[in-house]
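Only one chain is shown below, in structure tokens, and it's the form predicted on its own.
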């Protein structure tokens, strides 16, 4: 679109301030601003602001019920091997890709750069990226086929992530087996509903949350490319869990056996009030309910074996059928709103200012479950597969994750 058309569109939605500095810009800067504005979904942003200001928003009361779970921790070795071998066969046919969500920075860890480049302090000094790559190498060798690896970055760290892999020769996994793609971004707003500028010629944007994964894959044209490679399953995980079993054959075997189009790993919560979302059925649909939403009597409910009825915690580890994943890219999930301190350009001067209560918007991947008719839940042992790296010390820290990793991977530290 040309300037007059974009300016008129912005005015229609009360967002003409985006062009406050247009006449001061260089030709290149004008091009950046016009592209940014053209990519804004003004209807969506208007709807999100209305949601913010709608104090009478109603939440539907729907029945909460337990969701069936397959407990891998209590399986006999024979059954575990059967599932593992079944999954390994599918991997050997090249039918599943691995996907890592790695759009964040390591700021909370005191690390400069993408979180995946962080060294958790192993004797080998492997980064989080290299740890996951080692997992893929191992399972690929067993399957006799390289598992294709897709890494979702963000505009904040895409360039640094790609350069890190280039510098490390793609950890000898092969450049042709790794695909980087950027996460979709969404503008930020102030309390008056103004879409903000990062500087005089750039709209202030942030990643649209892990729930934007499927749309990001679609925008990058990757569903079609995956199918061309014969891929029909997508294993999904985050970058910060150093114990994740990449492209886990047993998990894949469970999917193939279950008849479900999507499966998720879980582990049992430690306490009734542990601050984590748990799997359940709500209104007959699979979902994750936040610990703040579940009634106390349900949170404390145990079965005859003394296990929490609503205790299967969301691990952020899934496998989706590719057709389901693509269909979810078309479904409009609800955005969650986060109040954040934002650095942005002052609309009067263009100078950088800090607003204490700006709005960012995120999609959560687990909201996609409510679009499905069924979901397979695969219960694992927490200490064997979950060691998140979120803090420099203490709980869920590099320190605790390193200790857990070294206890399991003694031979390859």
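Positions refer to the first chain, counted from 1. Take the two forms, superpose them, and find the largest set of C-alpha atoms that agree within 1.5 Å; that set is the rigid core. Note that this is a predicted model, so its numbers are computed, not measured.
This next part talks about the form predicted together with uridine 5'-triphosphate, which is not shown.
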Partner contact for residue 152 in the predicted complex: uridine 5'-triphosphate, 4.5 angstroms, heavy atom: yes
Although uridine 5'-triphosphate is absent from this view, report whether residue 17 comes within 4.5 Å of it in the predicted complex, heavy atoms only. no
Since only the chain is shown here, I'm wondering whether residue 115 would be in contact with uridine 5'-triphosphate in the predicted complex (any heavy atom pair within 4.5 Å). yes
Using a 4.5 Å heavy atom cut-off, state whether residue 326 contacts uridine 5'-triphosphate in the predicted complex. no
Any chance 71, 258 and 286 all have a heavy atom within 4.5 Å of uridine 5'-triphosphate in the predicted complex? no
Consider the chain as shown here, without its partner, and state which of 200, 146, 108, 95 has a heavy atom within 4.5 Å of uridine 5'-triphosphate in the predicted complex. 108
Checking 243, 250, 316, 280 against uridine 5'-triphosphate in the predicted complex, the residue with a non-hydrogen atom inside 4.5 angstroms turns out to be 316
Given the stretches 221 to 229, 293 to 301, 99 to 107, 272 to 280, which is the single one in contact with uridine 5'-triphosphate in the predicted complex, using a heavy atom cutoff of 4.5 Å? 99 to 107
Applying a 4.5 angstroms cut-off on non-hydrogen atoms, the residues of 235 to 249 near uridine 5'-triphosphate in the predicted complex are 238, 239, 240
Per-residue C-alpha change between the shown form and the other one, residue 137, threshold 2 Å, rigid core fit: no
Superpose the two forms on their rigid core, then report whether the C-alpha of residue 80 is displaced by 2 angstroms or more between the shown form and the other one. no
After superposition on the rigid core, does the Cα atom of residue 340 shift by at least 2 Å between the shown form and the other one? yes
